[in-house]
Ligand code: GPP
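First comes one chain, alone, set out as structure tokens in the form predicted alone.
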Amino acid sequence: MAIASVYQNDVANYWNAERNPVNLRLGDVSGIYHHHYGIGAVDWSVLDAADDAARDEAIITELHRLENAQARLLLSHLGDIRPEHRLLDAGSGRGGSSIMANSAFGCRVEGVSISQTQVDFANDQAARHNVADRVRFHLKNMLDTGFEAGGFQAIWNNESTMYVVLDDLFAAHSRLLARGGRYVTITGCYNDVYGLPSRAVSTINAHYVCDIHSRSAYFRAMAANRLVPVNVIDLTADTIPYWELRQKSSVTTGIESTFLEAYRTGGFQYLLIAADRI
């Protein structure tokens, strides 16, 4: 059963109904649709376009470049992936990262989401990219996929861990990963050096119907589930320019200033964590 709680039903309903231009218009640029943010230096010359329409189109294209850069960084930490391997995109959204993974490695990719709308959209995109024989999306719960133990060389969560209990998630991933396989996540987390979550973090939770975890919670749950970190990268400074540019676009959602406040005050961080399954 994909949906196992009232909360998961609320999350599924949220994403089934979501038609946010910040996800759809950016994906229209190249046909790769994401549900995550961006990283890297912004080309601020996009603001110098001749008129408002051209300026907005340039901003959209630049935002899409930054979100693709984020996905490529995550995929670059999956380790030595070969065409015969099988990967799992846990919380796969509209499927962009899975399609990019297949393009990069030539391997099979399974994506799972509790949103039927997302699954249908992603499978349609796989067909449009002519990879439906290698990239498939399923209406499944990432905590209980039903896939066979040890069947995956790598698993990732791209901004989806805040919808689940970390111990449950990493126990499920540890079961599915082959010994020596790699797990990677990029996630926002609150910095518990500062204590409890800030008001800005609570606002983000309410906006996305999620529950952002502390930084330390990731490492405790990994240690308890045979996942040993091999790379930890603080991407906070790298993602701030994305939010600054998005704030100037036509696809603002009203949450941009909250993210910027949270990042700039130090109570919220954007991390990449890569871990091996021992």
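Just count from 1 along the sequence shown to find any residue number. Here the structure is a predicted model, which is why all the values come from computation and not from measurement.
Absent from the display: the form predicted in complex with the named molecule. The rest refers to it.
Among residues of the shown chain, Asn20 is one whose heavy atoms approach the named molecule to within 4.5 Å in the predicted bound form. Residue contact with the named molecule in the predicted bound form: Gly188 places a heavy atom within 4.5 Å of it.
Using a 4.5 angstroms threshold between heavy atoms, Ile212 counts as touching the named molecule in the predicted bound form. Under a 4.5 angstroms non-hydrogen atom cutoff, the named molecule in the predicted bound form has Met162 among its neighbouring residues. Every residue in the set Trp15, Phe259 and Phe268 has a non-hydrogen atom no more than 4.5 Å from the named molecule in the predicted bound form. Only one listed stretch (136-144, 202-210, 164-172, 82-90) carries heavy atoms within 4.5 Å of the named molecule in the predicted bound form, and that stretch is 202-210.
Note on contacts: among Arg226, His36, Arg55, Arg65, the single residue with a heavy atom within 4.5 Å of the named molecule in the predicted bound form is His36.
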